[in-house]
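The chain that follows stands alone, in the form predicted alone, written as structure tokens.
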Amino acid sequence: MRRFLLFIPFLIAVAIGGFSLWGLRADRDPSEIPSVLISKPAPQFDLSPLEGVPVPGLSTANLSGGDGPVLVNVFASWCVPCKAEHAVLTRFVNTNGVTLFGINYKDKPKEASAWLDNLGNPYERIGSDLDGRAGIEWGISGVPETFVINSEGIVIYRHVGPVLGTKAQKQVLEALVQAGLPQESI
């Protein structure tokens, strides 16, 4: 019995090591985290405008009834990958005619405003999620995250992490087409 008890820590270490190796596999893509929101209406939220930025706030009501799909991007000025993807999102707006809405997540309004002044503001609407409550409703695991919403307010696609690289950009644009963006726009 005593030998068995000495063997238990070894078994625990092997189990933890196995789970760690499984989690670090090269074929695992963190942007493919499943979302319970896919094919369901966007969550209910109502966020006030971001102080110092001359665009209106964002609520669930803004996500449906438009001419086409919208891209909802959850970002923050303190997020390095958000800065990296900002040029891609701006290009989606300027080149592809994408409607881009933002949720500024747990960010100081002055810092977010300065960040947008510096990089440019491609967002048509921005909601300020100071306490992170809307982020919880959206089920985000961090920033940035980007959602494609069709004109009926249904979540079509979720991208976790920055929309960088050819594959990620293609996936988001394909989801926008699936949601109703004209094919010739991409």
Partner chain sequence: MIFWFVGGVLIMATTIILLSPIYRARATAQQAGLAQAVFVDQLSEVDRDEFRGIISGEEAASARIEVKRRMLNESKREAAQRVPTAVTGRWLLVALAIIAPALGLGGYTMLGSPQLPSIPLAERQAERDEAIQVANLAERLKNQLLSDENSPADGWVLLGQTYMRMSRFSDATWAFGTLINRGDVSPVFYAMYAESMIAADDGIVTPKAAAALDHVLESDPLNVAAIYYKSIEFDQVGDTRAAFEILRDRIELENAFQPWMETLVAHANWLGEKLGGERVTLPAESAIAPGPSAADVAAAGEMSEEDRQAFVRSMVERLADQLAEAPDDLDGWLRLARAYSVLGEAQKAQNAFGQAERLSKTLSPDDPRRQVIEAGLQGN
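Numbering follows the first chain given and starts at 1. All figures in this text were calculated on a predicted structure; none of them were measured in a lab.
The form predicted in complex with its partner chain is left out here; the points below concern that form.
Does Gln169 make contact with its partner chain in the model of the complex, using a 4.5 Å heavy atom cut-off? Yes, Gln169 sits close enough to its partner chain in the model of the complex that at least one of its heavy atoms falls within 4.5 Å.
Please run the contact check for Asn118 against its partner chain in the model of the complex: heavy atoms, 4.5 angstroms, yes or no? Contact with its partner chain, yes.
Considering non-hydrogen atoms and a 4.5 Å limit, does its partner chain approach Val88 in the model of the complex? Yes, Val88 lies within 4.5 Å of its partner chain in the model of the complex.
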